[in-house]
Structures are given as C-alpha cells and as structure tokens.
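Shown below, as structure tokens, is a lone chain in the form predicted on its own; questions about how it binds or moves come after it.
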C-alpha cells in the first residue's frame, strides 16, 4: 500500500487557515515533512493571521487561491506531492455568503457543496498530479452517528461500520438540518469510489472526529466549540449552537492530527480493516461525553480557581429543566489498535484551550471576589 513518508516528497494540506488544518501543518513539519499549505485568500484577515503563523514554521510553502468552489485551484499545489491531507470544509458558521464568496449564500447548500463540489475538485487535482499516492480525508462523527444518536440504546458504541444515513427516513435525511452529515457521508463515498477508480495509483483514508478542541495557534482559528469553552472561562455565556447546557463529545486536535499522520504512514491496506478505510476519533481520555455547564466548567475551575466562569442556562427556552442524557459510549479503539493513536486526558485538552485563549488575548478572564 502507498504509505507516505517525509522522504517521498512534499505533501499538501487543504484548509490551513482553519483549526485542524493549521495543526495538521504543524504536526507534519515537526516530523520532517515539506508541506504545501493551501489557503483560499491570504489577503483576508483570516488568511493574514494564518500566513503570519505558518511562515514561522520550517519547510512550509504557502499556496494562495485554493478555493473549494473553484475547479483547478488545487492543481499547482498538488503537483509533485506524495500525499494530500484534505481538511478543508464549509461549516454552518462560515457559509454566510461572505466567508464563502463563491458559494450560493444558502447555508445548507453551501455546506453540502463545500463537501461534494469541493472534494471533487480535490480529487481532480489528485488525478492531474500523477504523483499523489494517498489522501487522508477529515470527515466527521456526523457521518457515523448523525441524527441517529437519540434513537440508539443506552451504552451503544459507535464504530466504523456505522453510517449516519442508515435507517433514516429519506425525506428527513435530505432536509437542511442534515446537510452537514449528508455532505460528509456522500463525500466519503465519493472519495472511496474515486480511489477505487484510480487503478491503484492512490488510495484514501478517512478520519471521523468528534468536536475538535485543543490549543489555539492563531486567532483566526477561534470558532465553534473552542470559542464556547473560551467564553465559559472568560465569564461569558455560551452563544453557539445555543446558550443551554449540553454535552460535548471532544477529541483533542493534537491527537487527531497525529492519527492523520500515522494513517498516512501506515503501509497496511486500510480497506481490509473492519469498517473499511475510516477511523472513529471520538472519546477523549476515558470519557465519551462531557456536560458543558457542569463537568467542563468543573475542569476549568480546578485549573483556574480564580476565574469567574460564565453560567450556561440550566433550563430550556420554555423554562423546563434540562434532562439531556448522553447514553453513547465512544472510544478510538480501532485507531489505537491499528494506527497506534494516543488519546490524552480531556483535562489536558480543556486546559490548553483556556491557556492559549488567554495567551493570544482572545479572552480576558474575570476574577472572583475572593481571588
């Protein structure tokens, strides 16, 4: 199988101004790789912040103008590369008609197209390169569990054999609320079909992470889950996806990008493993779910006892007590056994989010009266 090593030539990473993409570049250069860092717009505030960070890393070539919605925009970046780490994605909070200037402006459509149209453009660039031997694609647990979680029995453990589309009413599956999960499911199938059609010239591996958290490398990475953890530590109420207490299913970004690299370097036929060429990355340090306003707040308080924390609501918008229960059990068993992936304690992850949020001036903690 086409295992990748730093001796085989450069590798390309898409979505480098994002949280996982930036960490992916860092992981690779630390292990000796030459990296072509793909960015859509280096002149935007996000692009400038990303370039400022990446330019301080060794062996990084920044390739500007790589847009998921533009055919051919990855061709130059992939030319001569041995592997591609396809991390770029359109998320709900970035499909606003501004962050994705070539999108339609419709959130659900741009999220779906960012996966399907964007990944087809990535596949076309891989085929055009004549050199890429392996792609490692960042999918999501949304492609594994999706909307099915509430219907599964207590103690059910998600594995790589689960697909979010299984057993779901087709009309519901096609609805806007499932655009992200549908995008990830369909994109995984698209990549696998393209790899099979390549005649053995390249293969594909998929990583399926839960909510990705960990240290922030530069300000432009702040968004979604890490922003909410920072708000809690900064004495502010959560704002996304809601201010109400909820469960977080966290994976540390450092563990995730390490698993990406290990998958790329593995010489085995990943298609022959149980569940095929995909790896669940869900369940951090022995826990599979953490309650935001209680457990997670408790971790922050333990490490930063002088901080006055934000207070998520303990009732629903209708004033009813929140009775959300996480009945799933998750563990990266396959990734640990097959790839040698390692998973750090969740306390380390949360602490790193808060510390880097303070270091970068993203939050200014409020101190308790007793501090």
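Positions refer to the first chain, counted from 1. Quick caveat, the model's predicted, so the values are computed rather than measured.
Keep in mind that the form predicted together with a small molecule is not shown, yet the notes after this line are about it.
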Check 40, 46 and 69: does every one of them have a heavy atom within 4.5 Å of the small molecule in the predicted bound form?
-> yes
Heavy atom within 4.5 Å of the small molecule in the predicted bound form: which of 198, 109, 266, 224?
-> 224
Option touching the small molecule, based on a heavy atom within 4.5 Å in the predicted bound form, out of 282, 184, 134, 278 | 184
Of 139-147, 185-193, 77-85, 198-206, which is the one stretch near the small molecule in the predicted bound form, taking non-hydrogen atoms within 4.5 angstroms as near?
-> 139-147
Verify the contact flag for residue 296: yes if a non-hydrogen atom of it lies within 4.5 Å of a non-hydrogen atom of the small molecule in the predicted bound form, no if not.
-> no
With the partner left out of view, is residue 16 within 4.5 angstroms of the small molecule in the predicted bound form by any non-hydrogen atom?
-> yes
Does at least one non-hydrogen atom of residue 259 fall within 4.5 angstroms of the small molecule in the predicted bound form?
-> no
Can you check whether residue 356 is within 4.5 Å of the small molecule in the predicted bound form, heavy atom basis?
-> no
